[in-house]
Every structure is written in C-alpha cells, then in structure tokens.
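There is one chain below, alone, in structure tokens, taken in the form predicted alone.
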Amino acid sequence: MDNTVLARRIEAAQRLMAERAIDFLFVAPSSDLIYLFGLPAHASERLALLIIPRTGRPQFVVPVLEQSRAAGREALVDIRTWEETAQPVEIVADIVRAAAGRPTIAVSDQMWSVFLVRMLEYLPDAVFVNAGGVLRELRMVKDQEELACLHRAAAMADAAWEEFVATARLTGKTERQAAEELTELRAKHGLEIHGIGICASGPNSAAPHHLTGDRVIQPGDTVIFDFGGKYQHYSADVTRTAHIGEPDAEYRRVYDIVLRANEAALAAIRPGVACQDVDRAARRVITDAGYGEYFIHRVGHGLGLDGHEEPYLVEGNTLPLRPGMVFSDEPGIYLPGRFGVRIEDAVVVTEQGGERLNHCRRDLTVME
C-alpha cells in the first residue's frame, strides 16, 4: 500500500484524536493495522504495536525478529525494536511518559488483554478508552483505493459463481464437496481464500450460519451458498440460493419475496437515510407477505478489510448513510426444518443512491 495513502489516513486519525482529546492511539495487529500501516501482522505473544500520538511521528514497537516486515515504512514511523528477553511494555510506557503526564490512550479492539493488563500496571495514571469510535469513523467511508479493491473482489466472486452455475453438478455430492468446488473457482478467479464458506442444503438451508457438513445434496433440495474471499485484503461477500431440480410453487413464492426485499433495500439506500430504514424497507416486504417471523437477522453489515464491520443495517441504528459506505444487502426467509432462501449483494452508497458491487445472476436458479 502506498505510503502517501497511509500518511493521509494517519493524519485523519490524528485530527479525530485532537477533536476527542485522545493523546495516543494504540493499534494492535488487526485489520486496523492494515488500514493505518499497511502491515498484515499476526497477533501473538510477542507484542507488535503501532503508537500514534495526537501530534508528531507515530512509532511502531516490534520484535526484532519481525523488523523486516516493516521495511519501507520508515518514512511514516519510527521503528522501535525489542529483543527476545526484553519487556516490550516498558518501551511503550517510556514512549507515553516522554510525551504526557496523565494521558488518554485509545486502544484498538483486538489488542490482547495480557498486554493491556501490563500497560495498566506500567501506566497507572493513564486513562484507557476504546478506540472504536475513532477507527470506526475512519474506516466506515471507503476511499477510492478501497473502493477499487472492493469492486475487484466482488467481480471475482461473481465470475466464480457464474462458472459454478454453468458447470457444477450437485446431486450426490456432500455440502463440503460442493463448497470446495466453488472454492476452487474462487481461487481460480483471483480471490485469496480463507475457508470454504457456507453450503447449506435441504433443511440445513433454514439455518443462516449453518456449518458446512457432510449431508448429501438431493433432488428437491434448496442449497444456499454464502461465499467470498479477499483481494488485496478487501473482502467479497455474496450469497446465492439454488434449487436442485424444478421447485414447487411455495419455493418460487418465497424466492420472489426475498428478491423483492433485496431490491427494496437497494432502492432505500441514499445519503442521509438512517441505517435502520434500509432494514425496515426489506423487512416490510417480507412481513407484508406473511413471513416476517422467518426473517431473523439484520439486513446488512459493513464490508471492507473485515467481512463484518461498521455500519450495521439493523433496527435501532440511526446512523445516516454517507457516500463511500459499503455493506451487504441480504434479506432472507428461513422455514425451520424445511428450507431457507437468502440473496446477498455488496452495495456502495453513492451520491445518487445504492450501487451494487455484485452483478452475478440473482434470478431463480435451478441446478442439477
């Protein structure tokens, strides 16, 4: 990731810190670290920590054996390494003490508690707060570099699904085998894969977060595929529902209701609309059709470096939509013990309204 982009993001973080009287922002290995530092470091028992002060240069505390991973970032931050026998929290405490007497420190969500507990011991006068407010504000609205990655990730997922529908034969395969076949196509079309996603068949399709298993797919089954992947750290997330053989009238009715709910949510999206109103638009379609009790989750979640992040499109969230926000549009109906239908697209908010990132077929799909 370009240092100019990262420097712009760090400066934006410092402006928010100044507005909120935060002296330091501590960012542990996570998607937040990728966003601000471009480093996909992994969390471990060895402390790695980006320290952003309200003013001045950030510092990156890192074990010496991982110093090379920060190569190329010296223009952005001062690198502070620690040896294997050192106590890295002492370095963190020295950095803080040198700049502030009674500091307010905002800590990212994914810092291990073992490090935070030590920091409480070393910095007894500090006030520790959650960094979610700052990081959420920074990351909810995507910049052009992020949107380009999200568009590309969605296109790769679309291409995988279209090829899967054209070539796959599902009857007699297990859910796992079907999911693995789709996974191979996702990788073929360029996505970085983490897991095989959800394949839920027959009565399992009525469980929104079914764990893909060994049930054998049979004629007459509904099959939900919830899948994605990463492109340059940014996520694709799409769900399509297929039917094995010709469906009956009830399935066709439920599928049509869910499709109309998906379209109603999209039509409700525009700048200034509250997040909850998008959920309400989709839910109204399903409720008016008599299936309200079977739509058992929010209509959407934010999408970016994480598969689930802010903003969440759910009742009670009055946050207004802003251009550049990206989230899922995924209404569903789940009839326990029978079948479920879900249709999910990624959507970006533009000045004109909602724009789908996913364009693979969402009409009723029959597979063999």
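Keep in mind that this is a model prediction, so the values were computed, not measured. Throughout, rigid core stands for the largest set of C-alpha atoms superposing within 1.5 Å between the two forms. All residue numbers are counted from 1 along the displayed sequence.
One more form of this protein exists, namely the form predicted together with a further copy of the same chain; it is left out here, but the text below deals with it.
Note on the interface: of 200 to 208, 218 to 226, 162 to 170, 149 to 157, the segment with non-hydrogen atoms within 4.5 angstroms of a further copy of the same chain in the predicted complex is 200 to 208. For the three residues H189, V348 and H359, a heavy atom within 4.5 Å of a further copy of the same chain turns up in the predicted complex in no case. The listed set S235, S108, T239, N262 contains one residue whose heavy atoms approach a further copy of the same chain in the predicted complex to within 4.5 Å, identified as S108. The contact residue chosen from V61, L335, L39, L319 relative to a further copy of the same chain in the predicted complex is L39, the criterion being a non-hydrogen atom within 4.5 angstroms. Heavy atoms of L116 reach within 4.5 Å of a further copy of the same chain in the predicted complex, making it an interface residue. Within this chain, R136 is remote from the site of a further copy of the same chain in the predicted complex, having no heavy atom within 4.5 Å. Taking the partner from the other structure, a further copy of the same chain in the predicted complex has a heavy atom within 4.5 Å of a heavy atom of L120.
For F128, a non-hydrogen atom is located within 4.5 Å of a further copy of the same chain in the predicted complex, even though that partner is not displayed. The partner is not shown here, but in the predicted complex the stretch 310 to 328 reaches within 4.5 angstroms of a further copy of the same chain through a heavy atom at Y312, V314, E315. Core-superposed comparison between this form and the one not shown: the C-alpha position of L116 differs by no less than 2 Å. A movement of the C-alpha atom of Q87 reaching 2 angstroms or beyond is seen between this form and the one not shown when the two forms are aligned on their rigid core.
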